[in-house]
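To begin, one chain is listed below as structure tokens, in the form predicted alone.
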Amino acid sequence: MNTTYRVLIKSKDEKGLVYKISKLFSDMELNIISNSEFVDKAHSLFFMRSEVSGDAIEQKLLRDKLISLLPDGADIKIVDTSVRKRVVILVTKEIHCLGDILMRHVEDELNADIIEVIGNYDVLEDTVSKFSIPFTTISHENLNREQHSSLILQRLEKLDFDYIVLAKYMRILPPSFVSQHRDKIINIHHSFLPAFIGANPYKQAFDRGVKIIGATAHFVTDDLDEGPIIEQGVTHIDHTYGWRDMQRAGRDVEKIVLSKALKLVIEDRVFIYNNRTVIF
């Protein structure tokens, strides 16, 4: 049976790596469907993403052979493309990002399965139920941040998933939460930070006469809204926009950027290093 795999490599750079890896694929009678590589010369790091296919690929054998020809300490991942990624979404009350992902899920644009939506309010439960996806409410009322996140972690322990998406989830995750799912949590926020901070950044931006509205999708780290960036987008506005018009425009950018970022991650196109990303 012909199977397709993604081979993801991050290692120290040295001369001839692309040739060595490609020759190995050929020697193992693997067909290269696509291939991308990048060298960060400043840090002497090599990145490569290949899609290969062949009959009865032995993953352990391929990994062992790659280890033997790559520099010491190389990070190698071999992903079976027939296995769909599983995603959990965390929400509060805003629907725009969640709704966009749900529609793309219905159209199978993401090539992944949304296995559950978790909210600290139940206001989006009816919407999610229309897509036949489980919704769990874990209220934060009368709980501190650690207590509430602990309850979410308990729920997540019962789920088999690959990524957590914060679809305008308006609560800060404590370090104890982030450390358990490092490089697996994707967040979206407006790009006014750090200039306009607070409950109504669009009103502040309006008062300053801002002409560009943007959004940033990134991995969550302990540094609030400062994790490795996956995707960004902007839209231009003018003097005719009131702050509510700006807010609507910002929501449009946010949902598109988050869905693009999620698709990039699901397709294994994102490499993380030094709080940065390489995107193939």
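Rigid core (definition): largest C-alpha set, two forms, superposition within 1.5 Å. Remember, it's a predicted structure, so these values are computed and weren't measured experimentally. Throughout, we count residues from 1 along the sequence that is shown.
Form predicted in complex with a further copy of the same chain: not shown, discussed below.
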Partner-free chain; cross-checking a further copy of the same chain in the model of the complex, the single residue of D80, D207, D75, D113 with a heavy atom within 4.5 Å is D207
Checking E58, E29, D222, D64 against a further copy of the same chain in the model of the complex, the residue with a non-hydrogen atom inside 4.5 angstroms turns out to be E29
- Item | F161 within 4.5 Å of a further copy of the same chain in the model of the complex, heavy atoms | no
Check: Should K130 be counted as a contact of a further copy of the same chain in the model of the complex, where contact means heavy atoms within 4.5 Å?
Finding: yes
> Can any non-hydrogen atom of D100 be found within 4.5 angstroms of a further copy of the same chain in the model of the complex?
Replying inline: yes
**Prompt:** Using 4.5 Å between non-hydrogen atoms, is G250 touching a further copy of the same chain in the model of the complex?
**Reply:** no
TL;DR on 80 to 88, 173 to 181, 105 to 113, 145 to 153: the one with heavy atoms within 4.5 Å of a further copy of the same chain in the model of the complex is 105 to 113
Across 74 to 99, the residues having a non-hydrogen atom within 4.5 Å of a further copy of the same chain in the model of the complex turn out to be I95, H96, G99
Core-aligned CA displacement of Y241 at least 2 Å between the shown form and the other one
yes
